[in-house]
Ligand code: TRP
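Only one chain is shown below, in structure tokens, and it's the form predicted alone.
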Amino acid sequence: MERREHWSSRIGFILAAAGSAVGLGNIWKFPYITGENGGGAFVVVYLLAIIFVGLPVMLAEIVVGRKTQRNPVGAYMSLHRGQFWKLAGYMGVLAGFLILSFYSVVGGWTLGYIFKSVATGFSFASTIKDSSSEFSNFTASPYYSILCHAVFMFLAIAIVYKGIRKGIERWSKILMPTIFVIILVLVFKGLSLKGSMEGVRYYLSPDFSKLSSRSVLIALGHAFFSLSLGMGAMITYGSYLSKNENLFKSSLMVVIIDTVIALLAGLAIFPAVFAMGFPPDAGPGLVFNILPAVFAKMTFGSFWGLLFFSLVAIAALTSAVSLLEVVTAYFVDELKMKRTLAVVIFGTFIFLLGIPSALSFGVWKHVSIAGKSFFDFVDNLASNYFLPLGGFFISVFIGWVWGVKPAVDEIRHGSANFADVHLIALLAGLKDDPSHNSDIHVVTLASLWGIFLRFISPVAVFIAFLFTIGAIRL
């Protein structure tokens, strides 16, 4: 059995976990769903969802990972022998398989557009119609789609192959600062364009009249997807932590980094879109259909396009690495495979599984499963079923099965005062007899976390899940 590695530093873990969270959800999905749901008002709801649901569940996953030092399957088995919870762990590993298979296809598209920005300078995107037509032709080509998918998967495999410290941590320390630099440059460029302030107002000025209950549930679901929750990634990354790490502060830093990058992505995109006179509510096509046309109208547009698609590709890669690590950790921990062998075999398997998704926009576009293309079917199964159910299960597991108290005891390794930070003092019965100090009930950070995990997070996530799968309609 290989000796289990650990992160060499706290910042290494934070950057790696933030890299897992920061991905296509931040750069691609967040801006367009913000545009579709009224701009600033949606941002406010999204931030609330991050704070009250995302952070508690993230801390829960990391706690379980560090306590057990195992992958999702092993983690549940270590804390509870029930067969059901073992299956919940398997669902996390399977989610990693499925998500990465189609995620790599989209990551490959970003690599293709990096090449396009250099080779053509977006000359193909003089209008939105031309840009959309080019994207359709690109994704329909089996050669380009599979080749880009293969290159993207190769990069993820190469990083995970080198292990935790020499692979994931080392590259996270390079790629995450690179993301920050690129996105700040793009924000500065967007804000410098004439007419950009209209985009800023659209993005940051809340208009709650445009906000619906549907928007609230979309924000909740995206907060979950954006933080890489429910797929075993944070359990796996947490399993490489030592006992002296402050789990609450580390989780908080990961959430802050992920959220800041999502907000900056909108600030980079919307000012430029408005300045160039394009619609902000273009939906999923915003990045690949609209932005090339935006860059085509800019001075030095090929350079700005190169920066932007490099940003998206790097963000996608850091998330892909965490997904592959979930799968790898299972086979290393439970089946005692060598890491290098597990990475190559199952990275290749995921690539092969992704080929039907890559072909779903071209030669296989008429092939359907349950009325959906292969790409949409896998995306729907993993993103709309496995992820929210994974988050629901981890909340219920800690809140009602394993218990909040042992979880808090684990957090106190490295954060001794987690259970002692008083947030609210409720003086019950104090009016009758002030000397009854035993009647003073104190809400601490730990008890508040327990309340959210037991009552708020599972209910909120389950409602969002029912909405996503169409069981409830608004």
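As the structure is a computational prediction, the values presented were derived from the model and not from experiment. From 1 onward, residues are counted along the sequence shown.
A second form of this protein, the form predicted together with this ligand, is not displayed here; the remarks below concern that form.
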{"item": "Triple contact flag Y103, A233 and L323 to this ligand in the predicted bound form, non-hydrogen atom at 4.5 angstroms", "value": "yes"}
{"item": "Residue stretch of 66 to 74, 401 to 409, 50 to 58, 25 to 33 approaching this ligand in the predicted bound form, non-hydrogen atom distance within 4.5 Å", "value": "25 to 33"}
{"item": "Distance check, L247 to this ligand in the predicted bound form, heavy atom within 4.5 Å", "value": "no"}
{"item": "4.5 Å heavy atom contact, L387 and this ligand in the predicted bound form", "value": "yes"}
{"item": "Interface membership of A16, this ligand in the predicted bound form, 4.5 Å heavy atom rule", "value": "no"}
{"item": "Contact flag, S457 vs this ligand in the predicted bound form, heavy atom cut 4.5 Å", "value": "no"}
{"item": "Single option in S360, S239, S226, T328 placed near this ligand in the predicted bound form, where near means a heavy atom within 4.5 Å", "value": "S226"}
{"item": "Heavy atom within 4.5 Å of this ligand in the predicted bound form - the one residue of T139, S319, T110, T259 that qualifies", "value": "S319"}
